[in-house]
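Given next are two forms of a protein chain, the same chain in both, each as structure tokens and marked structure 1 or structure 2.
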Structure 1
């Protein structure tokens, strides 16, 4: 797709910003394939003489990344599924079902966006401790889902509120319940919003460091961000292992975002326009 003449100034202005953002990632990826001697040379962007795939194998085995990736995947799938199960019905109810206090309830959820999780970490830990969920993947899943619910409800409501009420009336004439209307009418036409919610939940969950740091204690249940910090502190002088481990940690979520980028943008923009 060609760039129109009026867009060239924007492209030229953003190109240096893009270079500044991508340069550290390019350097990190290139360095992850180098030997220790090559990493110590003056030019950080020099291409390695041989691609050291062994660096990734060593990092995977020494750092126990198989277990870390497995924990992160379990955490991610749990958070994404529970976010969809809670945010989609809540967004539908707040957008299309009239009941007393609906607007105030919505504002209460929006108020949750203004409260930083650091401000409630002590009572949050006490609740998890009382439920015996500290140091468990179930505990971190519930915490991250609850932390993302305000934005998830806001996103789904913004999309649902623009859907014509005529669809609801037609479905009710056919004898459909609200649950059937949501699952068979609203969700199929709300794919961009659902995919946007999936990507946002996946990104925040995969990269989250603070909440797992509070909840997960044992190395056996820790997720990738925690395991990477522990691995990097242990092998701080072995740059090839640290760089390879870092690439392993962010590569899956970047690939997910690249594959679903268009749907992510559509979900946010359509929700903003309809909201």
Structure 2
């Protein structure tokens, strides 16, 4: 069986599936350039007579998308950095240092990996309220980091377990502390794990809806998914605004993925299998 012989029948069989799966994107992008009248005429895939770039300008201004994107970016950078700073050291300690209570800590973190965040939402809100963190980006960053800590620690820990102990012994003989071993020996060789942690925490933060819905009440502090939902329900009858606003919400991440698809794919599968 040559490669040639089995490639094209499969491609042929997959093409209709591909069209079906991507149809929502194509339809939204085409519709987002139409006038209200053209959308009303109900021929979903007909190309618009004129590309209405105005729709995007209107949606951007009316929906305050500049602010939403800005908030989402602050949220993302905060969560990714804080996750790395907290999960890498903890993962190292749990993987490579024997200390009393290690088992207990391990089980405590397993618990967090299992319990859905919706199941603790009432006290979580009360804690945030007590700390004056409701309606702040700092608040959403802290709860999302905490929510991701169990997975992040397990990811780093299972990667670090695979690093030979000889490396630690050698570094110790050279007088290195555990902190130096972590930063100078372990982290530089942990690119796959760090990459997985960055991609997974970035994607889940960028797309999170439930926690922002609880924490971020005023429009000025809201993130993109939350802002889009508010925008889409406010302008529900203005289809061109809803369509262009929706495209603004998903296009950047999709373009980024197409540019970096190999890293994304590696990070996500590595993360899932290790976690």
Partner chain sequence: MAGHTGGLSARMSKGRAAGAALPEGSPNDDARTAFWLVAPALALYAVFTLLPIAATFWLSFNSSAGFNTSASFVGVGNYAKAAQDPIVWKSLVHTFAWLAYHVVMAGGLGLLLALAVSRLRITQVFFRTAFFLPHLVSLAVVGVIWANIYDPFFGLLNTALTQIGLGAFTQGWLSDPALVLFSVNVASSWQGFGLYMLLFIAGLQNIDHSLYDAAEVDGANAFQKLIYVTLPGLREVMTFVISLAMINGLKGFATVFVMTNGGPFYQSELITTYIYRLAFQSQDHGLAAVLCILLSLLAIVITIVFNRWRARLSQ
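Every value quoted in this text rests on a predicted model; they were computed, and no experiment measured them. Residue numbers count along the first chain shown, from 1. Under this definition, the rigid core comprises the largest set of C-alpha atoms superposing within 1.5 Å between the forms.
Novice: Form predicted together with the partner chain, is that 1 or 2?
Specialist: Comparing the pair, one sees that structure 2 is the form predicted together with the partner chain and the remaining one is not.
Novice: Assign each C-alpha to whichever of the two rigid parts fits it better between structures 1 and 2, then report whether residue 156 and residue 139 share a part.
Specialist: Residue 156, residue 139: same rigid body.
Novice: Rounded to whole °, what is the turn of the smaller rigid part against the larger between structures 1 and 2?
Specialist: Interdomain rotation between structures 1 and 2, rounded to whole degrees: 12 degrees.
Novice: Core-aligned, what does the C-alpha of residue 12 shift between structures 1 and 2, expressed in angstrom?
Specialist: Reported C-alpha shift between structures 1 and 2: 8.4 Å at residue 12.
Novice: Relative to the superposed core, what is the Cα shift for residue 50 between structures 1 and 2, in Å?
Specialist: For residue 50, the C-alpha ends up 5.1 Å from its position in the other form.
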